[in-house]
Structures are given as structure tokens and as C-alpha cells.
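Next comes just one chain, in C-alpha cells: the form predicted alone.
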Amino acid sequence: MRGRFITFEGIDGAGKSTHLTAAAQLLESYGHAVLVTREPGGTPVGEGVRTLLLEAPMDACTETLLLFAARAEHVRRLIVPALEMGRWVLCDRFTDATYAYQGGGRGVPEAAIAALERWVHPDLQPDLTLLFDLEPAVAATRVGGARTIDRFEAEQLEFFARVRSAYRARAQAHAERFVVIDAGANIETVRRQVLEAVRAWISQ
């Protein structure tokens, strides 16, 4: 039986990575084999592209193409083989992030992103997407106090406002697979929202 594909989305600082492990543990408690991965990344090529994307200034078009190059490797070498083996794949960001960051944030035309999406993974979409929704000002405070920031995290609040708006538009347009998490709540409340959403989805 094919596994399931669950993605975690949200602006930097929204806390999605913190709760991904809890979701993986819940699924394992149900007896599912789980693979946790991230984008950009997941493969040697993807991790190399990740370093480049987070550190080197570049044009928005270049950024988008690099993301889909890394995604092509990720899909073909890791995600699809794992799903075909029956494993449940939990991914920290996927193509919704490109629509939000490069589309909403950078202004890359949605049609260009959609064309790359059809080419790279025409038959693969997440079964469930958890969107960690948070005010950009709150997210910036969290990021600033946690670690050295990367090229994306250094963007202005206006950039993240556009990214958040694009994410919310994606959630509305694809309501059948999105669950919006109030990431502004305390960590225990957010974790409860995540686990309840996963349990509810499994029960369907």
C-alpha cells in the first residue's frame, strides 16, 4: 500500500519544524513507517543547493529554478520511492513554499511556477498540508533570538507579509488538503492543534 505525503508549511519562525517530530512520533505510534525530510534538501544535491540558496544573493528566477532542480532530485530519489515502499513522508516545505516565497515574496509569475510544478512532479501532491500561520513581526522576534539568520530570514517584514498572504491564498484555494494551525499560541497549544489535525485526518 502506498504511503502518505504530509507537508509542513509557514513563514520562517512559525515553528513548523518544532512540531514535525511530534507528528512523526504520533504516526509511528499508529504503526506507520515514517520518513522525515526537508526542502530544499533531502538528497546530496538538494543539500548542496540549500547551502547555495541560503547564502548566495541571486535573481528570483535563478532561485526558483534551483529550488525545482533540488526538488526533482528529492521527488525522484527519495519521496516517491519511500511512498511506493509504504512509508509516510513528512516534509518540511514543498512546492507550496515556492508559490509563497518566490511567487508571493519575490514576484515570480504563478504561471511559471505552475509550469515547473507540472514538469517536476505532475502526479504528486501532498495528501495533507499543515500551514503554521503567524504574524511576521512575531516570527521575526522568534528567529532573531534563536540563531544566526540566513538570507531569507534577513528579509524585511513586508516580504514576509506577502509570503504569508500567498500561503493563506493557497490554503483557501486548496482547502481539501490544508489545515491552518494558529502558530501564535503557546507551544503546547500548537502541538495539540497539530496532533489533533493529524489524528482527524487519519480517522477519515
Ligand code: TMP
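In this text, residue numbers run from 1 along the sequence as written. Remember, it's a predicted structure, so these values are computed and weren't measured experimentally.
What comes next is about the form predicted in complex with this ligand, which is not displayed.
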Give a yes/no on whether D133 approaches this ligand to within 4.5 Å in the predicted bound form, heavy atoms considered.
-> no
Should R50 be counted as a contact of this ligand in the predicted bound form, where contact means heavy atoms within 4.5 Å?
-> yes
Taking 4.5 angstroms as the cut-off for heavy atoms, does T129 touch this ligand in the predicted bound form?
-> no
Is F94 close enough to this ligand in the predicted bound form to count, meaning some heavy atom within 4.5 Å?
-> yes
Identify whether this ligand in the predicted bound form is within 4.5 Å of every residue in the set K16, P40 and T98, based on non-hydrogen atoms.
-> yes
In the predicted bound form, which of the listed residues (L54, C61, L157, V138) lies with a heavy atom within 4.5 Å of this ligand?
-> L54
Those residues of 168-204 which, in the predicted bound form, come within 4.5 Å of this ligand by heavy atom | none
